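The structure tokens that follow cover one protein chain in two forms, given apart as structure 1 and structure 2.
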Structure 1
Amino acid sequence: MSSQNVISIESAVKRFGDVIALDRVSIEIRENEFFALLGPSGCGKTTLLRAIAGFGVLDSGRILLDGKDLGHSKPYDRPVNMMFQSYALFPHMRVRDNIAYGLKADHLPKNEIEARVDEVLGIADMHALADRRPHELSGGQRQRVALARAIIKRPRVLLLDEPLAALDRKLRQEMQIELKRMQHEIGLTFVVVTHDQEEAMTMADRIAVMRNGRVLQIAPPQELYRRPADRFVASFIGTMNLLEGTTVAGGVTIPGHETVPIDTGGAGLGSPLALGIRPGDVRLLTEGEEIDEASIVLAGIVETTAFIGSQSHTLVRVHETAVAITVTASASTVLVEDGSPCRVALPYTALLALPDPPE
């Protein structure tokens, strides 16, 4: 993946009446990168994607592609292509004709059209289905035809708006891997909009997490998971246990426990600050067990335990807080019953200090 920026979004602002859909958004997207815009409904991710495509005009700010301001470019003049949730295939056309449609509309020579159709049929693994019509294809196959039609014109950037939303869970998981394979094979910059964090984590090289029209954090999936910028990002990316605390001299204190020495990121004394920890980092202690590492040790009651394949998931009620614990089958497990008292250990080294996101 190149470090050269293909798209530069500079302080983008977009309003719809009193609603600020984009609030000074700035993002750099690199060449050949699989970039995801991730967030809940209404966060501004689709508004931003449409602005890149030219289907919406910013109130202020700029979008540059290869250094050129796209502000006055019509959608059909931009070297980008957009794939919508609805695949919109022509039902009366064969697969190969659906894929070739854009090139025929551009009046390219017949031999060039045939060569490029053959190329993308190979990339999409659709040669055997080239003479079928859309109603003879599965959902995943129709998705691949739509993707092949989008990439055959060789856009500089391919924009994908919730491309897998119409597929069932199993097929969606398969197509996540397939999309990533195709993107790597053709060496194209992909920008995908999704509200599904698993989808973004599986496919993207980097992810921009959005909320209320703002970008809260841009980072690779592993960094978002291990070092989230605030409690919203922490909870939106996977599962995060949160203990409400207050900053004091030397760290954070939570009710019923001494001060936890942790970097508070410059938060002022007396500020609310949550301590976060992933379920896989929480330990369920045996009766009388002592621990060597510095930890918060809390007493609670087991609410539920579920065994799911290679993992067990336990939920412990500590005062008013539910603490989730995940243990792999290969790790030593503590057998507990629902309703039984227990103790949990939260190692200091696994704790994160998480501020509130900006309003």
Structure 2
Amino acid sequence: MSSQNVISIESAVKRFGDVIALDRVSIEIRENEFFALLGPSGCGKTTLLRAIAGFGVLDSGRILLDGKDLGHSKPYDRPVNMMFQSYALFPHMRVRDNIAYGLKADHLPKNEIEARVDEVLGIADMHALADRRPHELSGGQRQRVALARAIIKRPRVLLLDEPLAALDRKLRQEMQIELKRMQHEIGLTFVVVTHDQEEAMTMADRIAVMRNGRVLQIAPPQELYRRPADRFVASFIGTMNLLEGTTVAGGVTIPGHETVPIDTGGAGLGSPLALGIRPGDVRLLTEGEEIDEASIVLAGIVETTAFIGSQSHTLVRVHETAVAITVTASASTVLVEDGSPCRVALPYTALLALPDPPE
């Protein structure tokens, strides 16, 4: 075990009745890392976060903090703090007392508590509102108080459960940057739970994609986008065009085309395997245009084109399989009318072999 891992989760299993919330989950989280647990609701990400905090005992497996098994230790004995999704501020306490709560529970001397509360009020930019009560604050202000309260004890790991879900879109984008900045500034290890892939991609150093209680892939954002482990990850992170194929010796076939030479990653011969390609890698061919690269060329009809700023997204309905292919290009280069016949080229080098995720 590497010594720089703050948290090591080893084969964690948790059941709720018949539902498996965590299915042999193993994750290592490094010092000062911004780590995201990403997945759709019900994938087990919050269960895992709560297990780290000490809420809910694992059925089997271990969680190590700095190499020591946390075992059945209680939440109040763990040097980790959590920011709850509902913020869970103490409604009867002023902002100042909310923030000081963790230090008072540790019986620190009064002047130290005051100094540290002042310091954290500064970080959260809440000095002016220190004597308000939670119901007198806006959503964004409450979020900052919740964060301040959670970091004041300088926990080994800060756990954040959907920290931005309750904010409106604009504030959310601001806070993504803000959280990232704060994490650098105070030098803490952050573990954030989110269902929003954009949020995870923006903030996290590494992301664990979860589904049905399993971890499908752990990787930095770019790698997750460039080399998704399976078709679920591929579709969950950004947009991915998928073609259904079958593995054969030396590659993958899709109906009506020659074998695409691609590494199938040990998938058995004859098993279904999808070929994926990002919209930006697809080329829309003008009439009579040929492509030099080895590519799958498909004929279809332009369904719609949407212009989004400098880019255009064109949806092409492929004749044979009725699959819709999204093509992204800079807006100036492609001008095709809806309903007109066209061809798209999918270069072999940009294709990804995507197996089904484990059930």
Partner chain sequence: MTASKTPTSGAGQPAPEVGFTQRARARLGLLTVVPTLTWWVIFLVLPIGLVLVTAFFKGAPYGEIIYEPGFGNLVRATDPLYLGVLWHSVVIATITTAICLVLGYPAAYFIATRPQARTRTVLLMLVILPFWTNFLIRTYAWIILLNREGVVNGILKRIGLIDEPLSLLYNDAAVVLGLVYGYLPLMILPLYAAIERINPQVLEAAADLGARPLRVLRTVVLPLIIPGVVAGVVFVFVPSLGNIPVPELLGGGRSEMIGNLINRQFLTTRDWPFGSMLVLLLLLILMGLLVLQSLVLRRNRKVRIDD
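Residue numbering: structure 1 sequence, from 1. For the two forms, the rigid core is made up of the largest set of C-alpha atoms that agree within 1.5 Å on superposition. As the structure is a computational prediction, the values presented were derived from the model and not from experiment.
Note that the form predicted alone is the one shown as structure 1, not structure 2. Comparing the forms between structures 1 and 2, the C-alpha position of T202 differs by less than 2 angstroms, with the core used for superposition. Annotation for G140: C-alpha shift of 2 angstroms or more between structures 1 and 2, rigid core superposed. Relative to the superposed core, L103 shifts its CA atom by 2 Å or more between structures 1 and 2. Structural comparison between structures 1 and 2 after rigid-core fitting shows the C-alpha of R94 displaced 5.4 Å.
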